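Two forms, one protein chain; structure tokens for each follow separately as structure 1 and structure 2.
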Structure 1
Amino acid sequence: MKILVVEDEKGLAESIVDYLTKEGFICEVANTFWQADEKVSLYQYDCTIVDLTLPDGEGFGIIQTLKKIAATTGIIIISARNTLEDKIKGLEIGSDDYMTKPFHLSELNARVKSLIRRRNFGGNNDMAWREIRVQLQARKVFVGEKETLLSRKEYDLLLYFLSNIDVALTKESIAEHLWGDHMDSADSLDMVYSHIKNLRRKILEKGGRDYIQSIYGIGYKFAAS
């Protein structure tokens, strides 16, 4: 799952990213309004964490941009501003949650996970599709009743596919989802092929079906039929 952290306090932003990365998230940071506005216009995120007070604009403007482009990301506001008016405005224009600074990173992590479960997986801790079952909290995957050990990237790739059944995904979009800002340094397209080959092999070895289809000139699709 991919997170955008919009926070101008670099120390706090680094702490959030370090904590969430250890929890298995892919994180990107925007320290200014315009960095954030550009990122949300170009890329998709599962959750966006937004500070309201930025050096060159208001976090409310980022939320309005997300709603204008009909982004599917969940939105959590983090702010030192504790007025009822700010909380009501944030919720009314489209945020899902509001946390007042200071806060515990463990609570932010729990709220991010809860929000992603509600938005992407119907609030469930388990995700099941055909013979494939994923325990989201434990990050475990089963094919039939057999546990299938996946690397972190293979796990992220499987969730991306399961969230986009029958959707044609370009190699570039898969690479951007797996590596975020670091996709250029990952030999991304070759690595996408390698991770897909390994994921397909591991599912087949446990008795699952081959749902991954190559689409010539485009990328891949996790097909229901």
Structure 2
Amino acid sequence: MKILVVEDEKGLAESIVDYLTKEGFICEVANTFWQADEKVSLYQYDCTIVDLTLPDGEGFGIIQTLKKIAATTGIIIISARNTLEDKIKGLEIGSDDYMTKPFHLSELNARVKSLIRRRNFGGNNDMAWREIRVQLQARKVFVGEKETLLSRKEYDLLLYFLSNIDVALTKESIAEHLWGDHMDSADSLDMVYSHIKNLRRKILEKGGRDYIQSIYGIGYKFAAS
């Protein structure tokens, strides 16, 4: 899961990233609205956290822009202003949640998780395809009737596949999804191989079929036969 943090205070941005990274999210930071705009149009994020009080622009405008560019991104506003009008306006305009400074990181974390659950998977909290089934809120993965325990990377990888059934994914886009954009393309290939291998093994061990197809020179595809 990838999160974009739009915040100009370096200290705050850093502590948010620290916290959320430890929670298993891939985090990236934009210091200005302009940067945020660019990043959102280039990459996909599961959630965007926006501080409304940045120096370089009118706050509410950017929310609408973000919405337009990437309709799939959930948005959480953080703001120093605590007026009810602002809150309502924020929600009306398209943000999904609203927090006022100061706040506890643990609360932000909880809201992010709740938001991602809500957005990506509507009311039903499972993803399923063939005999593979994932309970998102419980973070459990089943192969047929048997549960298999996946590590964080394996879990993220499986979810990435499940939300891209029958689509050819390049090794690079997989790497980018699992580690963010700070990775050297060359270095990350071995890691991708490794995690693919582990995921395959764990699914096979539970009696599942190997749906991860290798595409020579390209990457992988999750598909039936």
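Whichever C-alpha set is largest while still superposing within 1.5 Å between the two forms counts as the rigid core. Please note that residue numbering is based on structure 1, beginning with 1 at the start of its sequence. Since we're looking at a predicted model, the values are computed, not measured.
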Panel number for the form predicted in complex with the DNA: 2
Yes/no, His195 Cα shift of 2 Å or more between the two structures with rigid core fixed: yes
Ala110 C-alpha moves between the two structures by 2 Å or more, core aligned: no
Lys101 C-alpha shift between the two structures of 2 Å or more, rigid core reference: no
Between the two structures, how far the Cα of Tyr216 shifts once the core is aligned, in Å: 6.6
